[in-house]
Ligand code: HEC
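Next up: a single chain in C-alpha cells, the form predicted on its own.
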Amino acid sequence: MGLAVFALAGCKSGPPPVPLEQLNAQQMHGHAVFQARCVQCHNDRRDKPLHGPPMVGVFKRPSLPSGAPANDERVKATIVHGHGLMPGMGNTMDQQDLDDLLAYLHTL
C-alpha cells in the first residue's frame, strides 16, 4: 500500500493549498473538523503520508488510493464507511460537518 500512496502522490507537485486566511466560513469549519477528526492520520497541507495518505490535491487526482474516482461521492463514502485501515465515521459525524469537511478538502 505504501508504494501506491507514493505512486499517487508522484513527483509532480500541483498548486499549493488555498491559504487558511483565504478560506470561507464553511471551509474554515471543515478545516476545524479535519483538525479534530483526521489530522492524526492524514496530512492536509503537506504532501507527505502519515498513517494514511496525504490529502493535498485529493480532488486533483484522477483516483483515490483505493482506485475509486476522486469525487465527492467516493470521498464521502470513504469518510462515512471507512476503507482498509480507516474507520468509518458515519455514526459520529453529522451531515453539516461532512459537507464542510468536503468543502475544505476541495481547497487542498
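Keep in mind that this is a model prediction, so the values were computed, not measured. A residue's number is simply how far along the shown sequence it sits, counting from 1.
Although not depicted, the form predicted together with heme C is the subject of the following passage.
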Do residue 93 and heme C share at least one heavy atom pair within 4.5 Å in the predicted complex?
-> yes
Decide whether residue 49 counts as a contact residue for heme C in the predicted complex under a heavy atom distance cut-off of 4.5 Å.
-> no
Using the partner position in the predicted complex, report whether residue 65 sits within 4.5 Å of heme C, counting heavy atoms only.
-> yes
Heme C contact at residue 56 in the predicted complex, heavy atom, 4.5 Å | no
At a 4.5 angstroms cut-off on non-hydrogen atoms, which residues of 87-108 are near heme C in the predicted complex? List them in order.
-> 87, 89, 93, 101, 105
